[in-house]
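What follows is one chain in C-alpha cells, specifically the form predicted alone.
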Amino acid sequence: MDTSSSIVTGAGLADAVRKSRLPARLDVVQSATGLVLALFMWGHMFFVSSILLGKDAMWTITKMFEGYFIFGRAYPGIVSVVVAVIVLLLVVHAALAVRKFPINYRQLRTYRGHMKLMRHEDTTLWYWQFVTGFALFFLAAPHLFQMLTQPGLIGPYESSDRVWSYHWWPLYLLLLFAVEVHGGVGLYRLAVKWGWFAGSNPDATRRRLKALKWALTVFFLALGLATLAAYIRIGIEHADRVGERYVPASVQPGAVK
C-alpha cells in the first residue's frame, strides 16, 4: 500500500500529522525570537538616544544597566551577559529565517520577476526584509562583538570616541537603516501572519498596520540619525582627548553631596 492510500484509509495518519508539525513549530520560534529582537532594538534605540538629553543622562542610563545604583559600583559584565543572550537569539532567528531565503541566483531572479509583475507591496516588503536581513549578518557582528568584549567602553565620551575617532560611524549609519527597516517590516508581517489586531475587517486592519509601520520606521530613523549626529558632534569636540572617561561633576572627588 502506498503512503497516500495509507493516509486516506487512516493508517499512518498520526505519523503524517506529527511530521508536519516541525515547520510550524520552527515558524513559532522564528516569530518569537524576531519579536523579542525587534522590541529589544527599540529599547536599545531609546537607551542610546539618551545622549540627546545630555551627557549626564546618558551616563546615568549606562550605569543603571551596569548595576551601579544597586551594587554601589559598576559591573560592565552585566552588559556582556545581555549581549550574549541577544547574540544567541540572533543566531537562532537567523538560522530559522535563512530557510526561506532564495538558495541561488536563479531563485532570487525568479522572485524579483514575480515581484515586478505583481507589484504587491507586501511582496516588496518581504524582499527588503530579506535584503536587510542578509546585510545584518555582516553589519551587526562587529558591533555585538565589541559590546560583548568591551562592555566598559560605553558612555558619553567612550561611545563618541568610538563613533568618530575610531571611525565607526559609517557602520552605525548602515546598521541603523538595516535594523529599522528589517525590524519594522518584520513586526508588520508578524501582526499580519498571526492575525494580531485583525478585528472584523482584516483588510482595513492591514492598511492601518502598514501606516503604523511606516510611521514607526520614520520615527526611529529620525531618532537614530539625530542620536548619531550627537555622538559625532561630541566625538569631534573630544578628539584631542581620546580615551578619557566621562565622569559627571556630581560624582567627582570633592563634589558636594
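For every residue, the number given is its place in the sequence shown, counted from 1. Fair warning: this is a prediction, and the values are worked out from it, not measured in the lab.
FYI, the form predicted in complex with a small molecule isn't displayed, but the following is about it.
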Each of V82, G133 and L190 within 4.5 Å of the small molecule in the predicted bound form, by any heavy atom, yes or no? yes
The small molecule in the predicted bound form has a heavy atom of only one listed residue within 4.5 Å, and of L216, M45, L209, I61 that residue is M45
Using heavy atoms and a 4.5 Å limit, would one call F71 a contact residue for the small molecule in the predicted bound form? no
Would you classify H167 as touching the small molecule in the predicted bound form, given a 4.5 Å non-hydrogen atom cut-off? no
Is S31 one of the residues lying within 4.5 Å of the small molecule in the predicted bound form, judged by heavy atom distances? yes
Looking in the predicted bound form, any heavy atom of L108 within 4.5 Å of the small molecule? no
